[in-house]
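First, one chain by itself in structure tokens, the form predicted on its own.
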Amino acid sequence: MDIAYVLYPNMTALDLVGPYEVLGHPTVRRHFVAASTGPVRCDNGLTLHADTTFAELPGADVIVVPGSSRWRDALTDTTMIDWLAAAHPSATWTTSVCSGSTLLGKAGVLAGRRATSHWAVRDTLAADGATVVDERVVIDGDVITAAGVSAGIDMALTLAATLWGTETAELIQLALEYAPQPPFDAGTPETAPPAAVERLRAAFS
């Protein structure tokens, strides 16, 4: 099984790294694909490395698309958008994390589908024809979208259960000791302080 992890400048590292850790099954061949091979700097300064190009990898069984705090810039990357549009039809699963779903929307993948994203950018999905859903993980046909950043782990565990069974997914979750107990109840716009919501909304606009 081939999994393509899509890399692009200023992507959010955890959007990709979370699913990467979850989906590290021994049957998987993992590809870091980008417009060109070499270093790709994330929005927090971490640098990842693309080992193949969109031209060299026409598709994969699973596609994972991370988001970015500079998501509007990513929407102008026609090379990546065109690759997503071309690669999706032959993929078993096309997935996204956080604002990565806006890239799927731009590629025409979400038209007529239920989908989610980071809460601050969901309006963009509707503009591209998606039915926006306020859920952490949304499955519609062969597409799985996840809400903001940390939801990528939930998405990947959901996908792992589909690919290899619930027991394997539970083993992965246990190995990661993924049992969140956040110190604050500020993880959604409904529970966070209003000032924090407005500050973050402005940062994403």
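Numbers for residues come from their place in the sequence shown, where the first is 1. What you are looking at is a predicted structure, and each value in this text was computed from that prediction instead of being measured.
We do not show the form predicted in complex with another copy of the chain, though everything after this point is about it.
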query: Proximity of residue 170 to another copy of the chain in the predicted bound form, heavy atoms at 4.5 Å; finding: yes
query: Contact test in the predicted bound form: residue 93 vs another copy of the chain, heavy atoms, 4.5 Å; finding: no
query: Partner proximity in the predicted bound form: residue 43 to another copy of the chain, non-hydrogen atom cutoff 4.5 Å; finding: yes
query: Residue contact check: residue 58 to another copy of the chain in the predicted bound form, 4.5 Å heavy atom; finding: no
query: Contact check for 147, 154 and 166 against another copy of the chain in the predicted bound form, heavy atom at 4.5 Å; finding: yes
query: Residues of 189-205 having any heavy atom within 4.5 Å of another copy of the chain in the predicted bound form, listed in sequence order; finding: 189, 192, 193, 196, 197, 199, 200
